[in-house]
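Quick setup: one chain, the form predicted alone, written in structure tokens, and binding and motion questions come after.
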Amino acid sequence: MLIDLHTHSTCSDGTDTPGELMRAAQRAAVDVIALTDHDTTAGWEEAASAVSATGVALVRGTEISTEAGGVGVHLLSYLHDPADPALTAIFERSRSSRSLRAQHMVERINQDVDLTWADVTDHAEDGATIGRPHIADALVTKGYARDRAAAFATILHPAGPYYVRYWAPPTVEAVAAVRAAGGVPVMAHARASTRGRVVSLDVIRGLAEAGLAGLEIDHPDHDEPSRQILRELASELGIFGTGSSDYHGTGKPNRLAERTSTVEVLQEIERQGRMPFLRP
């Protein structure tokens, strides 16, 4: 079975609608896909409505922006209750902060090059969580960057003059909130150093004590030494490891199911989660 547990749609920073994502998974012969848009469950209903037609099973999830010791940590939450008030409040505050942060970044960039908020929102679906990827797409359209990757490496780099921080809950609190909502928390791309600073292994050990269920090990941004470190750490902590593509459509070169998870891991996620995954 091909099981891909980390993908994005136009409800955050992907380029496929949730329905298009499910059809893309069908074409790629993916058996099970997790929709994990940033700080939102807005795409769940549309993706769920495509399960029967595509024959692709759906794991409903979210990627939560958090922070540990000043380092950004992305936490995947699977099968949580979408109506849980505490987790919903985190999502709403995160989306609001990210949107304001994006506006401030555009204002800074516009002091040097012609880039407006309207240029950015043209690249986002209604209701999407607007963030740096949408700014990157606008920069590409305006000719200021070759592609998203180039925009992130230059104009949008955290060390650059245009970068603005945004609110994110402490990772340990987010893990607890996910567990309280019946979800299964998994740390995304924990050793992806090309994205910026990564947390120490001791921080991950502390998160496991707080309820972290797993680590995303097989990810396109992890080299083999990083994957081996995470395999050994997951074994030490008695938590599972996942594999995922982190697919964003045309927004990234990542291909659906270029990294995958095992059936046993999928079963463990369903065992721990409050909601079942949706089968055709």
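As the structure is a prediction and not an experimental result, all values here were calculated from the model. Residue numbers run from 1 along the displayed sequence.
There is another form of the same protein, the form predicted together with a small molecule; it is not shown, and what comes next is about it.
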Decide if the three candidate residues Pro133, Arg148 and Arg195 all line the small molecule in the predicted bound form, where lining means a heavy atom within 4.5 Å. yes
Can you pick the one in Arg101, Arg93, Arg108, Arg179 that has a heavy atom within 4.5 Å of the small molecule in the predicted bound form? Arg101
Does any heavy atom of Gly243 come within 4.5 Å of a heavy atom of the small molecule in the predicted bound form? no
Considering non-hydrogen atoms and a 4.5 Å limit, does the small molecule approach Arg227 in the predicted bound form? no
Exercise: Gly251 in contact with the small molecule in the predicted bound form, heavy atom 4.5 Å: yes
Can any non-hydrogen atom of His222 be found within 4.5 angstroms of the small molecule in the predicted bound form? no
Can you say which of 171-179, 109-117, 125-133, 81-89 gets within 4.5 Å of the small molecule in the predicted bound form, counting heavy atoms only? 125-133
